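In the form predicted on its own, a lone chain appears below as structure tokens.
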């Protein structure tokens, strides 16, 4: 899994992925504190993530294993919205604190 922050939406009028109702987001990788790294991905949003939220996503061929993406040409999928990250007993990220 990869941590990232939603920084935008990607709109395509012509697509060949065959995923009905697909919504693609621009995700910037981040560390466990929510600090962005400057590396970007376009990912299928499967959970309703919004701007500024820290998410976790999967990258590569495992993305074609969900019910919605089975055998579809999807390279990255957002699979969860992060509420909190605990590192060595200390909360290093909390959605409530931003």
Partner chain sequence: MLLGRVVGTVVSTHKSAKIEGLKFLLLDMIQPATMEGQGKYVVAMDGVGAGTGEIVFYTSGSCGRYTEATLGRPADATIIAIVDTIEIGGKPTYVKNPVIEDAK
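As the structure is a prediction and not an experimental result, all values here were calculated from the model. Positions refer to the first chain, counted from 1.
Beyond the structure shown, there is the form predicted in complex with the partner chain, which is absent from this document and is the topic of what follows.
- Not displayed here, the partner chain is kept clear of residue 67 by more than 4.5 Å at the level of heavy atoms in the predicted complex.
- Heavy atoms of residue 10 reach within 4.5 Å of the partner chain in the predicted complex, making it an interface residue.
- Interface membership of residue 47, defined by any non-hydrogen atom within 4.5 Å of the partner chain in the predicted complex, is ruled out.
- Taking the partner from elsewhere, residue 90 is found to have every heavy atom lying beyond 4.5 Å of the partner chain in the predicted complex.
- Taking a 4.5 Å heavy atom cutoff to the partner chain in the predicted complex, the contacting residues in 15-41 are 15, 16, 17, 18, 24, 26, 38, 40, 41.
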